[in-house]
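Just one chain follows, in the form predicted on its own, and it is written as structure tokens.
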Amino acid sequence: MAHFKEKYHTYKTLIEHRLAHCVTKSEPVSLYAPLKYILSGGGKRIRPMLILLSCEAVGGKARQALHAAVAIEIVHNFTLVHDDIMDHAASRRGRPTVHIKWDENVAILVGDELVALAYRELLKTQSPAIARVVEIFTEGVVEVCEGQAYDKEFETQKNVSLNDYLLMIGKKTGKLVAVASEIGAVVGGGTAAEIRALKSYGALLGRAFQIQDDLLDVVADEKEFGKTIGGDITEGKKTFLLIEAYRRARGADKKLLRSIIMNHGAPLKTGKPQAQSTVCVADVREIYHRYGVIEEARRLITRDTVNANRHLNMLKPSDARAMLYGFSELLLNRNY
């Protein structure tokens, strides 16, 4: 574990250093100040880390994939900036979101610029398979946008199945994680079987990550989580927890969950918003516990993580493969 933490820190520092040098301009201030703000926001750098480790796991050198790693982190931040606008989110990673600190027009423009910067960085990757890398990356961006569209559609739909939800998170969250591990394998010169294995590993890990994010929105410590707890409930988001709890609930519990589904979270935003929202979130959390969906979410997260690790068994034993196992463990046990 000490070795894992040391190497993780080394690679994270490498990623942060490159990110800091991606933006050298300062004017126009209205564009570059918020751009630097969002890229300096920290985070676990999960996707770029996966690119570097996947590259190494198939026999490549981490630095071969550094530009691609930074590109995927930049495009991930693009999705966060625009998602925050659509979700009316006030904070991200414990700091005001871009549209709150500046305004929505600035945030939209910053998101657009982030996409351009991501491609500029990606195209610096030295690889004979650069065309394939760009193709994978582009399809990833397309599917993330599709996933976000489904997510917003589901907020106003009265009937969203668990399969609908899994399709949505497979695109919105799972796809970019799968893209990261796949691109790393391609840049590292992996075989077709190794590339498939790492792509599958990323897809399952990404799904587990999103379900865990849904869970943490209900049970995490707000300071550690970096955003308001219960936000998914007050926004009426169709998460795994809400969908599964509604399927299992009876009587007054089902009626309360139905009111959230039917009114797109409106009952939690009327009257005295802060006081009523606090009570309702607590009530919904209690329903989740009572019907066992908290434990069911944890079971599904563990299952997907275990299945993701099975795909790593197809790779040759190496320090990088061991790091990927450790990475899975890190995400499984995160609390923010």
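One-based numbering along the sequence shown. The shown structure was predicted, so the numbers you read here are calculated from the model rather than taken from an experiment.
The next section is about a form of this same protein that is not shown, the form predicted in complex with another copy of the chain.
Of the listed positions (Val219, Leu166, Ala89, Ile108), a single one reaches within 4.5 angstroms of another copy of the chain by any non-hydrogen atom in the predicted bound form, namely Ile108. This chain lacks the partner; the member of Tyr150, Phe240, Tyr246, Phe209 within 4.5 angstroms of another copy of the chain in the predicted bound form by a non-hydrogen atom is Tyr150. Look at 64-72, 50-58, 26-34, 291-299: in the predicted bound form, residues with non-hydrogen atoms within 4.5 angstroms of another copy of the chain sit in 26-34.
For a residue to qualify, one of its non-hydrogen atoms must sit within 4.5 Å of another copy of the chain in the predicted bound form; none of His76, Lys172 and Ile195 qualifies. Within 4.5 Å of any heavy atom of another copy of the chain in the predicted bound form lies no heavy atom of Ala129. By the criterion of a heavy atom within 4.5 Å, His82 is counted among the residues contacting another copy of the chain in the predicted bound form. The closest non-hydrogen atom of Arg93 lies beyond 4.5 Å of another copy of the chain in the predicted bound form.
When contacts are judged by a 4.5 Å heavy atom cut-off, Thr138 counts as touching another copy of the chain in the predicted bound form. Counting a residue when any of its non-hydrogen atoms is within 4.5 Å of another copy of the chain in the predicted bound form, the hits in 94-124 run Glu104, Asn105, Ile108, Leu109, Asp112, Glu113, Val115, Ala116, Leu117, Tyr119, Arg120, Leu123.
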